[in-house]
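This document starts with one chain, in the form predicted on its own, laid out as structure tokens.
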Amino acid sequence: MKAEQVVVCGAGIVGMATALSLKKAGFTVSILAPAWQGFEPAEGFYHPRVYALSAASQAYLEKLGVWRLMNAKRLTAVQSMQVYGDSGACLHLHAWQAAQEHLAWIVESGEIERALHQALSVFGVDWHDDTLVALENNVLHTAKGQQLSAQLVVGADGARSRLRELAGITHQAKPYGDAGMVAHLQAERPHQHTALQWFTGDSILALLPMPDVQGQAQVSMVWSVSQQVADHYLAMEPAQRQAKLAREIYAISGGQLGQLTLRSQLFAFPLTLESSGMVAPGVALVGDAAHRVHPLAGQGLNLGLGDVEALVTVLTQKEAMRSVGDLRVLHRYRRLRAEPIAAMRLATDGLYRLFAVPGLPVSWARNTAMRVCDRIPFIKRSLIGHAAGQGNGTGL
């Protein structure tokens, strides 16, 4: 049996960031997950999943030495946001209104993973190409017959966390009945580094700026629709899907970016609101294994990176006589994350439900509130601060 100080189960972005951060902080750490599949995109091809990294998350990746490993040509700065209500209201946010250079960065999932994997290799973090099947007294039993003993096991194995189940950590999931459809679109007009979002009442559409491809503007679409609508799109023939998607997005966006052409495969994933107890003796959860929120604010990964920093900070500052798996130490981590996660959960779920309420009086009230916010500088500065990760739940 191999003894480890910390084993990280899962090797997505949050899992790799956890292992790297722990290693740099001086802990003995290894990863338990299937071997990473390299991301080497062809010219003009972009990973289908992108993230809006807050300024705080960008700074954290810079601190880990990961940001500089990314291809700058594949990164897009968001300098402004325009959010539209369902009755003509619009909220404009610009980085300069809060004396900042950027509100966020749009980065491909695969590019972040590639840079993290490179950094892990440089620091010599052990990687067990295997999967967890059982957990007994902090001994991990794997599919290939390995037994790994750890003082602390970190669950970064996603929303369907096997570790969370084996550790008996409480978990609540509430499906929205909606799906997030994602794809990359070619735009007729330049996006000007502006993120656009529309609340229509029965859907939420976001168009995020991406690098140009062969001189043509490109945006990433994240469209929250009912599961029925998503299934309908996925069942269409490609040509029919392309034509209908172009018509619908043009109508919702008012042609702001001109004609939009599907230039990637269309994917859809179910949307849920999830929470968990986060810790058990010798076990801590981070990222989607710990919580999930509605993607309308694009804060899922930022919350996960906030978990990483908070956990590593707590472990670094613990008393010398306590183990990294001591439940009293892990409770500090849970308390540190409780308020940011609850605040983001309340904000995203509340905003989703506010715009889902039908009826003229409610529609008038929410759109009036947007117009008022757009006219008050200190409110806009506060919103920009949240977008940049200053109190938005990253914990950075």
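For every residue, the number given is its place in the sequence shown, counted from 1. Please read all numbers here as calculations on a predicted model, not as lab measurements.
Note that the form predicted together with a small molecule isn't included here; everything after this is about it.
Out of the stretches listed (51-59, 324-332, 38-46, 340-348), which one is close to the small molecule in the predicted complex, meaning heavy atoms within 4.5 Å? Going through the listed ranges, the match is 51-59.
If you check in the predicted complex, do 34, 158 and 299 all have a non-hydrogen atom within 4.5 Å of the small molecule? Spot residues vs the small molecule: full contact, yes.
Do residue 287 and the small molecule share at least one heavy atom pair within 4.5 Å in the predicted complex? The answer is yes: residue 287 has a heavy atom within 4.5 Å of the small molecule.
Is there a non-hydrogen atom of residue 131 within 4.5 angstroms of a non-hydrogen atom of the small molecule in the predicted complex? Yes, residue 131 is a contact residue.
Indicate whether the small molecule has at least one heavy atom within 4.5 Å of a heavy atom of residue 241 in the predicted complex. Flag for residue 241 set to no.
If you check in the predicted complex, is residue 19 within 4.5 Å of the small molecule, heavy atoms only? Looking in the predicted complex, residue contacts with the small molecule do not include residue 19, since no heavy atom lies within 4.5 Å.
Identify, from the list 182, 260, 210, 120, the residue with a heavy atom within 4.5 Å of the small molecule in the predicted complex. By the 4.5 Å criterion, the partner-contacting residue is 182.
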